[in-house]
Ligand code: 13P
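Below you will find one chain, with nothing else, as C-alpha cells; this is the form predicted on its own, and questions on how it binds or moves follow later.
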C-alpha cells in the first residue's frame, strides 16, 4: 500500500456567486465531516475547495468556523504576476496568506483565455512560493490523437518552461518542491467533454514528470471530465494504488453529492490496507 497522500481539489471556476459557493461548501463539509473524522488518518487525504476570488474569504470562514474537524481547506484559483501595489484588479499571492494555503497556477483556461505563457506561469509560481503558499501547477496537452510518448514529451517540455521561468523569477526547483508543489495533468481535449483521458495516459504523464524532475515523490493529480462513477479507477484498489495522487475536479464538484462520492472513493484508497 502506498503511503503517498491523496489530494482532491474542487475547482468551481466562475460558476457560482459567493452565496451559492458558501451553501455548496456547507453541503460538502456536512457530507464529509463524519467520514473524514472516522478515517483517523487525515494526513493521507487532503481536500481543498477552490471558490471564486469573491468566495474565498466567506468559504474559508465557514469551514473554519463550522467544520474545523473536517480539515477541508481552500485554494485560490489564481493569483497575479505582480506584487502588492498599484495594480487595479490584481490579487497578489501574499494577500492570500492566512486565507488560502494553496494556489492553482497555469490552468488551461488561463493559458487559453488570458494568453498565459510559460514565462507568465513561471513568474506566478515564484510569487506563490515567495508568499509561503503551495503551488498547484497545471500542465496539459491539446493532442487528442497523439501517442503516449508524444504526449509525455509535450507535457515535460511545458513543465520545463514553467520551471525555467520560475528560476529566472527567483524560485529554484528545490524551492518549488519545498513549498509543497503539486502538479495537475489536465488534457485540454478531455475537459468538459465527459470523456476523460485513460488512467494509462495519466500514469505515463506522472511517471514522465517524476523522471524528468528527478522526484519520485512528486504528487501528480489528474483533471478532466472526472465523475463520481469512475472516481475509484483513478486510484486503484486500496492494496495496489495507481501512480496518481489525486484529482482536480471541475463540473462534478458543483454538485455536493457527486463531489462527496469522489472524495469517499479517494478515502477508500488512502486508508491503510
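Positions refer to the first chain, counted from 1. Quick caveat, the model's predicted, so the values are computed rather than measured.
One more form of this protein, predicted in complex with this ligand, exists but is not displayed; see below.
- Contact between residue 25 and this ligand in the model of the complex is not found at the 4.5 Å heavy atom cutoff.
- By the criterion of a heavy atom within 4.5 Å, residue 224 is counted among the residues contacting this ligand in the model of the complex.
- Residue contact with this ligand in the model of the complex: residue 59 places no heavy atom within 4.5 Å of it.
- Taking the partner from elsewhere, residue 192 is found to have a heavy atom lying within 4.5 Å of this ligand in the model of the complex.
- Checked against this ligand in the model of the complex, the candidates 109, 119, 167, 73 yield a single residue with a heavy atom inside 4.5 Å, and that residue is 109.
- Residues placing heavy atoms within 4.5 Å of this ligand in the model of the complex fall in a single listed stretch, namely 183-191, out of 149-157, 126-134, 183-191, 168-176.
- Interface residues of 150-185, taken as those with a heavy atom within 4.5 Å of this ligand in the model of the complex (partner not displayed), are absent.
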